[in-house]
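Only one chain is shown below, in structure tokens, and it's the form predicted alone.
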Amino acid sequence: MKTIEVDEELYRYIASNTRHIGESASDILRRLLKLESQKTEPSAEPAPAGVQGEGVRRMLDAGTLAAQDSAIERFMTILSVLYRDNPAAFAQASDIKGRKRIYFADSEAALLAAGNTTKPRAIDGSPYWVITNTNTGRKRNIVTQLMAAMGYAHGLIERVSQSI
């Protein structure tokens, strides 16, 4: 591997075109430049750009989140929309954990058993539950990790996490 220096604007452009965690700058550039890949692509290929994130974009454009009073309500709405956008990819939510807490589970009992004062809530329209007794920064971190694992573009992830 060779090292090159790029300016901040170019770096952000490359980073904003990341499709999945662990995708290298070389892989991103090969894809953008339509060059043949030197290694096999990951098996969990994200949805095509025109399809993925449409529900999320509609949520942002419609002002749905701005109309809600609390960070918890915005957090729950975002999770529900993410699940509806791609239920199979949302399954990766169970991999997102804190040092001593699990954030997602398939039942309220599992979250209650994992810690005190977790205040679990069901994610609307999904079989998942999430803890809500976290500060806004942690909620943003959870959404950022989940969306990155689901393959959303960096720019969209930033917009959504900052809207909590």
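Sequential numbering from 1, following the sequence displayed. Please read these numbers as outputs of a predicted model, since none were measured by experiment.
As for the form predicted in complex with another copy of the chain, it is not shown, yet the points below apply to it.
J.: If you check in the model of the complex, is Ser126 within 4.5 Å of another copy of the chain, heavy atoms only?
T.: Result no; Ser126 lies far from another copy of the chain in the model of the complex.
J.: Is there any non-hydrogen atom of Ser26 lying within 4.5 Å of another copy of the chain in the model of the complex?
T.: It does: once another copy of the chain is placed as it appears in the model of the complex, Ser26 has a heavy atom within 4.5 Å of it.
J.: Considering non-hydrogen atoms and a 4.5 Å limit, does another copy of the chain approach Arg30 in the model of the complex?
T.: Within the cut-off, so yes.
J.: So, in the model of the complex, is Ile14 in contact with another copy of the chain at a 4.5 angstroms heavy atom limit?
T.: Output for Ile14 is yes: heavy atoms within 4.5 Å of another copy of the chain.
J.: Your call: Leu10 and Gly137 CA atoms, closer or farther in the model of the complex versus the shown structure, by 3 Å or more?
T.: Compared with the shown chain, Leu10-Gly137 is farther in the model of the complex.
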